[in-house]
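Below sits a lone chain in structure tokens, taken as the form predicted on its own.
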């Protein structure tokens, strides 16, 4: 740590715990406790049961989890492709044009996500590109919302990239495409995996824009959680929320393993 005094370290840990427990840990523990309860009339939940997880891992909930995973993976891959391409193209632009490009990609996260959902709904509800009522309008909205994070992550990595590697490869006769595929992208792999994980996590939890767009046969898990809690099924909704968190964390753990291996290459 940067703080060398023992008392100062203990003070920092105390402040961290005071801020972390009520703001982050306790809400998650409450949801976890509610997922194993049938009612909650006192300080602690009562009526311990696993029936909520039976409902959260079968039928409609399982289909919604699959929908969320497919949507998040597809949107993350599309966002990573578009964001990386734009970052690589923007690196060759002049500073003012690069700022303009950054502003274009940041705009969807600078406005409320419900505005993005409405924009996508209006844009793709008429020919020639009619996506309204299909799964692709949901995937498109998620892609628009998370592409900014992929673009910013890759742009920051490009700014820190040592050009000596590319110059050495070019001086040995490597063509630009070869330098890109065998030198530049491998060096960017840790940032690419980090961006993919962030995009996936954000897509898995997206609700506002999704509520405006999803068709009946493509219901992501956050929508199902909202519907369950809205009709009063708080304990079942809590179990579904725990399943959503667990699935997201498992994928992020796998991505972090890939990122760690890429960092040691």
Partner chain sequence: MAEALAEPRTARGGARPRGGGRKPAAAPRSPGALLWALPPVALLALFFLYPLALVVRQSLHPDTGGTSLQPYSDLFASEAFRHALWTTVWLAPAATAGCLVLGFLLSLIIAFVPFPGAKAVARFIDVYLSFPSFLITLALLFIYGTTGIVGSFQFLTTPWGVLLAEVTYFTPFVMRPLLAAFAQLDTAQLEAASSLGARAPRIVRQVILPEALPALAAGGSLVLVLCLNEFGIVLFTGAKGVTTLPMLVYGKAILESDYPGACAVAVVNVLISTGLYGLYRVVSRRAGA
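None of these values were measured; they are calculated from a predicted model. Positions refer to the first chain, counted from 1. We call the rigid core whatever largest set of C-alpha positions still superposes within 1.5 Å between the two forms.
Below: the form predicted in complex with the partner chain, not depicted.
Taking the partner from the other structure, the partner chain in the model of the complex has a heavy atom within 4.5 Å of a heavy atom of residue 27. By the criterion of a heavy atom within 4.5 Å, residue 255 is excluded from the residues contacting the partner chain in the model of the complex.
Put simply, residue 71 is far from the partner chain in the model of the complex: not one heavy atom of it is within 4.5 Å.
Using a 4.5 angstroms threshold between heavy atoms, residue 218 stays clear of the partner chain in the model of the complex.
Contacts to the partner chain in the model of the complex (heavy atom within 4.5 Å) from stretch 149 to 163: 149, 152, 153, 156, 159, 160, 162, 163. Taking the rigid core as fixed, one finds a CA shift for residue 12 of 2 Å or more between the shown form and the other one.
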